[in-house]
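Next up is one chain by itself, shown in structure tokens, the form predicted on its own.
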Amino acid sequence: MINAELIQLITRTILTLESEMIVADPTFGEYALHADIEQAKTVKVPVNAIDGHVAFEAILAAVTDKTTMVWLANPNNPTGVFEKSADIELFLTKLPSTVTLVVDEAYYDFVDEPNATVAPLVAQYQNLVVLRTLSKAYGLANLRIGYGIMQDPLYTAMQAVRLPYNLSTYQIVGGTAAILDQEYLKRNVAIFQSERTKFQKFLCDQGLMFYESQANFFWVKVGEVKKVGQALLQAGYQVNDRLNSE
């Protein structure tokens, strides 16, 4: 299934008019986009300003009787900050069972800590959904393919609203080949992890403020974003300066 389609289907299935969805701030903007389409309210809870970690207790405090979903990108996009599985499970035990927690693990392959995924917890928690994509570590962004892990009745409900024939033969064949080639994935991830360590040291040496990343990107505070972005562009580096005005 196309990963963006999974986001669309989940929000379409769970959110209703005037219901509420909670996200960390900042995080992947497509979650809120689809909530807007469903005419639901997005409640943004700021991450910890010092280290970028999700403020789980603040999210719990923001839950109301209208809350039906909580989104958690792990590692977070765009900060790269990773939340431990034990912390997510503790949060789940406190979250009302009527609220669905969606953990988007698009970048989890890059994490160098053990037990990075919460996928095994799906069997214990009916209100937990885990999303994966082959667009990142597998390098198949052009195929736009991914999958979700969830229990019934959500699975059956999503199947009912899913369009038939939503994947082409090329996507199915390419995705299957990628999953089977785990040696490629290991080599690819090892390179990313090595370069990530080097770049993190560079940022420290430069005295720049950044969040420790477990993804293949960093969230760096540089001051005048537009000016820095233009200077990098002139030096041959293209950066995304649209997510933050600081």
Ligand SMILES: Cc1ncc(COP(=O)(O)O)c(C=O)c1O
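In case it trips you up, residue 1 is the first one in the sequence shown, and so on. Everything numeric in this text was worked out from a predicted model, so none of it was measured.
Below, we refer to the form predicted in complex with the ligand, which is not included among the displayed structures.
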Please tell me which of 56, 192, 211, 31 lies within 4.5 Å of the ligand in the predicted complex, judged by heavy atoms.
31
My question is simply whether residue 73 lines the interface with the ligand in the predicted complex - judged by any non-hydrogen atom within 4.5 Å.
yes
Interface membership of residue 133, the ligand in the predicted complex, 4.5 Å heavy atom rule:
yes
I'd like to know whether residue 144 contacts the ligand in the predicted complex, with contact meaning heavy atoms within 4.5 angstroms.
yes
Contact between residue 107 and the ligand in the predicted complex at 4.5 Å, heavy atoms?
yes
Have a look at 117 to 125, 94 to 102, 133 to 141, 158 to 166 and name the one stretch with heavy atoms inside 4.5 Å of the ligand in the predicted complex.
133 to 141
Using heavy atoms only and a 4.5 Å cut-off, decide whether all three of 4, 7 and 77 touch the ligand in the predicted complex.
yes
Select from 164 to 181 the residues with a non-hydrogen atom within 4.5 Å of the ligand in the predicted complex and write them out in sequence order.
none
